[in-house]
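Following this are structure 1 and structure 2, which are two forms of one protein chain, each written alone as structure tokens.
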Structure 1
């Protein structure tokens, strides 16, 4: 997520500070999960390979800095690193731990075999072990949250976790419903993806004792970014390949999930045409190569992938404009670059 930022000289100190901060987050994350039982350690070490962009911890740390750095002037990496306290590190690790738990559980729901280029827990050890490991991660996340001096960490994360679970339950209840509306789609993804990213941003600002308008601005930034992130995920599921994306693809259609490109192509093509028939067959597991080709052709014909991209870009623009409450600095510039990176990514 932050590797490409080294090409921006003014952001180099922020980049270096984040590398230091993330190392502390990983250390706290790993230490929390150490068990006296080796089989459990093997599972948690395997989950550690799921780490990719570490978007949520990065956002917690960046929002913490943005709430502290004054406008103008130069700040060194050491000075930036000194702005984080234990509450920043704990909040970042907790958000990542809850996120990891949702990935483990998502792989069960999607019957996925690959995550971040490695075998999923359910593929290696079965659904029972995967369910319990996800629960284990969540339990440890709340135990770690209680190590913070701020009770707000547990409260904010628990509220986000409720929203994530509600979003997933809503999505499950709507599987196979090709009549899902855009409004319903956004309500689902706002919970399952936006809520935890918003919480990560909010907690970063709160750990810096930011004023309420700044905290609210950070939370909104995270919510919009999270929704845009999910739209891009939905696009990659339809257009990407497993080697590049790093996880199983084409799972949304196979599971009867109506994502934004699918909602758009169905609306544009008519609910009694070939696309509707293809999506109905997919929802009943009657999916074949011809269906895949027909859907791909329809998505291109009606510009549905481009529509989803433009929608995500609009959310990112709103997220960036909402940062007016934050002082202009290299940290704020970084937040702008990160917002764009959410929809430019290919994995």
Structure 2
């Protein structure tokens, strides 16, 4: 992902360093999960194939660098690579492991058969194996966190995990509630998607022994990016092409999840109109082609996709502006580019 983001020559050393750093993260991740029991290795190796953009480890590493590189200084890839200590690598691997666990458990929740073109564990081995494998990954994530010399890794991750699960539980309890407010939506999303990405950024800065304002700025950057990321997911669920997005679309509507464009279109069209009826029907799974067209027309009429896009763009803008405490460098530039990429993606 990162290599595609920018070909600016100044950033080249950062890209090279990241490739080195990520290789170490993958190594640590795999080493943590090696088991004496072959059936368990088969499961964890299978999950390794879910590995995608590695957004969280990338953020840990990039935030770790950004907190260390001084303003205006020119640095080589080797120098940058030398800036990461064991805690950067551990924290990055831990965040990825927790994320993988949530993917395995999400696939049970979504009854998904395929992820990134690979059959899901629940489809291959049943829900029981998927529940237990997710738990196993979580246990290993803390075990790895505890290998860090700082108790903060485990602490930051456990707090983030509480927020992620609370967000998911709130979302579940609000399913089919078309009266969900925008404020409630942002609280849910801040938990389920923002918290772990914020933790990844925060831990990167902490492993660099950054000053508190920098740590806080990185955490806020991650929180805003995560929320923008989720809004982009919401948009793609409504506008995306299944082939490009890599998973089924309109899932949110079918599951009665009120996403930002839906909250907007309902607010604009009034809650006793056709949109409300369509959304209520969708949540009871009586959703048909006509409903789909009616919803599409209403989203266009009220500019609800545009509204969601602008909201996400506003968050990305705040994320970038919030980095004032961080010294200007090619690394910081990459953080800016990454922020934009979160909402420019079509997958």
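Keep in mind it's a predicted model, so treat the numbers as computed, not measured. Positions refer to the first chain, counted from 1. Take the two forms, superpose them, and find the largest set of C-alpha atoms that agree within 1.5 Å; that set is the rigid core.
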For this session: Please match the form predicted alone to structure 1 or structure 2.
Result: 1
Seminar exercise, completed: Core-superposed C-alpha displacement of residue 37 between the two structures, in angstrom, equals 2.3
